[in-house]
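Form predicted on its own, single chain, as structure tokens, below.
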Amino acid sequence: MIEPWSPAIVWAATIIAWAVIALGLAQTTVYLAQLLLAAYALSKRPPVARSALLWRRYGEVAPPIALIVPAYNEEVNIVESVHSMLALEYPNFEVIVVNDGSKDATLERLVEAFGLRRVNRPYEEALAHQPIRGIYSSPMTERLFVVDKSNGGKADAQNAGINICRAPIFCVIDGDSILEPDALMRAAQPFIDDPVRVIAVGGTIRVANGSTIENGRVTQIHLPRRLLPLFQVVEYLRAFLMARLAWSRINTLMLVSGAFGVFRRAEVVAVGGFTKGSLGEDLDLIIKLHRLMIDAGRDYRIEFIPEPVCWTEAPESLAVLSRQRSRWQRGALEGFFRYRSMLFRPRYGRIGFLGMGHILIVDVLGPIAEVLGYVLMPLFWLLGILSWHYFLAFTALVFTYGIVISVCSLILEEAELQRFPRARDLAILTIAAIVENFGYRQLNNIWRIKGYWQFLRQDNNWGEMTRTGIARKDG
């Protein structure tokens, strides 16, 4: 017969259990608030304008934009991605591909595809970066420049591109990504409508796996055939349509994705560009921009708009996805602790309380609380320390809110953007939004704990992101 546990042990176990449940409730409150804010923001937005109408309205006043494409070992997708960028519907832009010391044939593929020739292009050394070995242009188009430099990491490559570009606004985009034809015009709209206050704009990232891509454009949207990318479709809907639209509504957006973001060059140079060696260079930059503008007492906007869509390849293997999510977690922790002095500091207002507070609850404390809950709550119940009611409350919290948030995000997406025209796709996504809460979500938290451990060990290894290639026809 098992001896009854001492009152002290039972009391400690109860405190731990309630602490885990309290953190879960805090996260639930944040996610529900995001959902309501996103729904409200979408309900107040004017109808989405057609591309032709956007061109008539903004074509003559659209500012010059430079697309900066850091590329490291991107030989699989780089040519198709550059073709898609050169085909963008925008009046005045240039594409600057920064080959960051690739070990594969990234540069050779570009030279062959676009007939690149070495040129002399003077540039301002506003930001520090690894040495540039050569700058190339193409006789086929005056819009394309390729910078070949020594390896310094993604942030270093982006800083080199910022130095090379001559436009007042630049867009950073991953080398494996494909923009929709009107994405740049839509992303530029906030800069045109509010040229004084807007300093950064983010757009939606969508999973391209399974879709048909021809001549650098997504011609048919299909869901991925594999389960892992399918779960990521649901994740991206939550992350972009719900979370970022909600935070943008109250001007507290803390992340503009490094896969597709548009920035005013002057402000980015003023904060020293992207932080070299950072694993979360996109989060780091946005926090720096918030701090700069608040310290200077300037009125500003960092916005997210859903319509500019960038398609990217999602990992299809557990090993690659694990490395990606662990790195994302390290980047979030790195950004939070680097700028922790802003947390709850009245000087930084909504950014200090809501923005940094959100990172604290969701990224710093969230993974630990959830994994502790997975392990300790069933253990306490099996040992008789925790009552069935506590255990049931925790289990209901974990699974119910996950399903509700995922399904509601899908409903919002379909109601406002209607990117999935087939009823079959919506049915599959709804099932995926439910199923992902039973195993996949828990696995993600384990990967985040792995990222936590790597952060504590100061492991800054980026990890190889193996590509299978989104340029193939998957229709």
Partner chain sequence: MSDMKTILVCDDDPLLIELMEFRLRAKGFEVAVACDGAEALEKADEVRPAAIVLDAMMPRVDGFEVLSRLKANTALADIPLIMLTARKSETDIVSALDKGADDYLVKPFIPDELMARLSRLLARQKRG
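Bear in mind the structure is a predicted one, so any value in this text is a computation, not a measurement. Numbering follows the first chain given and starts at 1. Rigid core (definition): largest C-alpha set, two forms, superposition within 1.5 Å.
Just so it is clear, the following notes concern the form predicted in complex with its partner chain, a form of the same protein that is not shown.
Undergrad: Would you kindly say which of H222, R325, R350, H83 lies with a heavy atom within 4.5 Å of its partner chain in the predicted bound form?
TA: By the 4.5 Å criterion, the partner-contacting residue is H83.
Undergrad: Looking at A128, A319, A87, L382 here, can you tell me which has any non-hydrogen atom within 4.5 angstroms of its partner chain in the predicted bound form?
TA: If I apply the 4.5 Å criterion carefully, the residue I get is A87.
Undergrad: Partner absent here, but in the predicted bound form, which of 106 to 114, 335 to 343, 277 to 285, 367 to 375 has residues with a heavy atom within 4.5 Å of its partner chain?
TA: Heavy-atom contact with the partner occurs in 106 to 114.
Undergrad: Give a yes/no on whether E142 approaches its partner chain to within 4.5 Å in the predicted bound form, heavy atoms considered.
TA: Taking the distances in the predicted bound form, the answer for E142 is yes, it comes within 4.5 Å of its partner chain.
Undergrad: Do R217 and its partner chain come within 4.5 Å of each other in the predicted bound form, heavy atoms counted?
TA: Yes, contact at 4.5 Å.
Undergrad: Hey, in the predicted bound form, does P91 get a heavy atom within 4.5 angstroms of its partner chain?
TA: Yes, contact at 4.5 Å.
Undergrad: Should W55 be classed as touching its partner chain in the predicted bound form when contacts are defined as heavy atoms within 4.5 Å?
TA: Yes, contact at 4.5 Å.
Undergrad: Core aligned, does the CA of S138 move at least 2 Å between this form and the one not shown?
TA: Moves: yes, 2 Å or greater.
Undergrad: Could you check, with the core superposed, whether the Cα atom of S81 shifts 2 Å or more between this form and the one not shown?
TA: Yes; that C-alpha moves by at least 2 Å between this form and the one not shown.
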